[in-house]
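Only one chain is included here, represented as structure tokens and corresponding to the form predicted alone.
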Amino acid sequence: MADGDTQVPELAFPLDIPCLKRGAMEGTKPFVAQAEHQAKLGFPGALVPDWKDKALAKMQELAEKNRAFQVYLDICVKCGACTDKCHYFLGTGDPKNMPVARQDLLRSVYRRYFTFAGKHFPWLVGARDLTEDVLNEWYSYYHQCSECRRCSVFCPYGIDTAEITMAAREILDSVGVGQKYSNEIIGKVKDIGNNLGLNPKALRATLEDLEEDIEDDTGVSVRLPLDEKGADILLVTPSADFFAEPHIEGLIGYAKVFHEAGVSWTLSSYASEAANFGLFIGSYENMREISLRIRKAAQDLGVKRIIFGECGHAWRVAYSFLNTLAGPWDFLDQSYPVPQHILEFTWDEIQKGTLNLDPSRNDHIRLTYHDSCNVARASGMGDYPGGQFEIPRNVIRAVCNNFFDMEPDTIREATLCCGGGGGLLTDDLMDLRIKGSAPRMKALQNVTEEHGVTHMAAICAICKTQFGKVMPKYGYEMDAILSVHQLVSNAIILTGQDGEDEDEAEDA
């Protein structure tokens, strides 16, 4: 469905339960990966002749290798706690987008072939045969899950629907039915080092242009170094930070913070991507290969620390899996977190008094904050529980005078997804993305009505890109979405910045 044909959902409130619309999203699916995209990832280029046997063998392999996956398939009691927790169900009304129903698309096949009752009495336990129609259904509905894990927060058994989605996508890849968007991007990272296919020469030119922009704006020379051996810090950030608004403004904010902190740092042209789409397709092997690029860059450059920029799922991979995927990291300075988030670094510098901040420079903004799913429900920050919620807000309050949270049941661990995560940020799914964003957009509209909020900040590259696309559908300008470090960049006064000495003299 074309973007202009999408009917924007009108919700009475963010968690408004819709009327059921059976089959509303049936057949909605992203483009299938071409053979060349599959080959780079080690997958067949098209549906293999013995696809059914291979799919069942892969399911068995995953159940044996990942105990949690098997437990999730076995223990669901259909209590209904998750049914209204998915933003895609709330936005589309399709009952197959209820988390429990989406899980059952795979669970029913698992029961048919891997449980006693399913083998002998399939009609009693909802077991069904694996057919090509079922495979197509998987491809459609498992690409209507952003792996946000909101449903898992409310499941009394802790079933992680994202794990089931990831497993389904891995099974599909293994029989030759991969998703073009995610698989093509993973191939670019393997070939060049980032999602955009930005080569080292183009990256260097981009960074030099940004250095000129900062100096023109402030009168201060702030460096964005690339491939500098012996630097203390390797910054690994999403490639969107090199390419588009508001991401670039966030990158400028990182550079200003590092400059004022007086630390030496560098980017890497070899590992110029924090994002790891191997997570989205459930492929440990591809996730590991991308992570190993970061390890090699850190070793080749001789850095002591690794800091990740604003990217939600990249921080999940880094925080939860990096040591398993690419460790040990014993060659780094163990007196610092391994890895560290840029917000942790910035908040530390604010607490130390290193940064000269003037929050009135953001007084034209009335702000709210979107907790990105992978940060909120799959990671942490700082050395205390809930740091992933408090540290971003602490930084925001230090640089912005007008901050207002959205409704409590739509933020923090219960945050609503942007609607474009989990490998769904592709234009062939725009109808789904607009509808899936409806709950978050309604919460934003409510805080706008109550407090006059004009902008929303986020620390995820996918969230920022998604909101820039869908916010105009809900009455906002596309630049109403901001990077948190864009706000930091606005507020920070660099040492020697043009005009500041005169201003301070006048104030005295």
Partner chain sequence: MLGTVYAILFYVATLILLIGVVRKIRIYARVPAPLKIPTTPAPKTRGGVVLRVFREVVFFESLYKSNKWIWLFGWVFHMALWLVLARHLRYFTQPVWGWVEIVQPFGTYAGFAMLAGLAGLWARRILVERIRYISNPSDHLMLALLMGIGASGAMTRFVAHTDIVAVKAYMLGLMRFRVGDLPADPTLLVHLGLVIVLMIVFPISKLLHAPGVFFSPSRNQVDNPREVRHVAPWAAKMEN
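Numbering follows the first chain given and starts at 1. Bear in mind the structure is a predicted one, so any value in this text is a computation, not a measurement.
What comes next is about the form predicted in complex with its partner chain, which is not displayed.
Colleague: Does any part of residue 288 reach within 4.5 Å of its partner chain in the model of the complex? Heavy atoms only, please.
Modeller: Yes - in the model of the complex, heavy atoms of residue 288 and its partner chain come within 4.5 Å of each other.
Colleague: With heavy atoms only and a cut-off of 4.5 Å, decide whether residue 386 touches its partner chain in the model of the complex.
Modeller: Flag for residue 386 set to yes.
Colleague: How about residue 369: is it within 4.5 Å of its partner chain in the model of the complex, going by heavy atoms?
Modeller: No.
Colleague: Please run the contact check for residue 70 against its partner chain in the model of the complex: heavy atoms, 4.5 angstroms, yes or no?
Modeller: Answer yes; at least one heavy atom of residue 70 falls within 4.5 Å of its partner chain in the model of the complex.
Colleague: Could you check which residue among 155, 301, 210, 355 gets a heavy atom within 4.5 Å of its partner chain in the model of the complex?
Modeller: The residue from 155, 301, 210, 355 that makes the contact is 155.
Colleague: Pick from 376, 145, 438, 109: which residue has any heavy atom within 4.5 angstroms of its partner chain in the model of the complex?
Modeller: Looking at 376, 145, 438, 109 one by one, just 376 meets the 4.5 Å heavy-atom criterion.
Colleague: Could you tell me if all three of 205, 222 and 264 have a heavy atom no more than 4.5 Å from its partner chain in the model of the complex?
Modeller: Judged in the model of the complex, none of 205, 222 and 264 sits within 4.5 Å of its partner chain.
Colleague: Just one stretch in 197-205, 84-92, 184-192, 346-354 has heavy atoms within 4.5 Å of its partner chain in the model of the complex, so which one is it?
Modeller: Within 4.5 Å of the partner lies stretch 84-92.
Colleague: Judged by heavy atom distances of 4.5 Å or less, which residues of 59-98 approach its partner chain in the model of the complex?
Modeller: Contacting residues: 63, 64, 65, 66, 67, 68, 70, 71, 72, 74, 75, 76, 77, 78, 79, 80, 81, 83, 84, 85, 89, 95, 96, 98.
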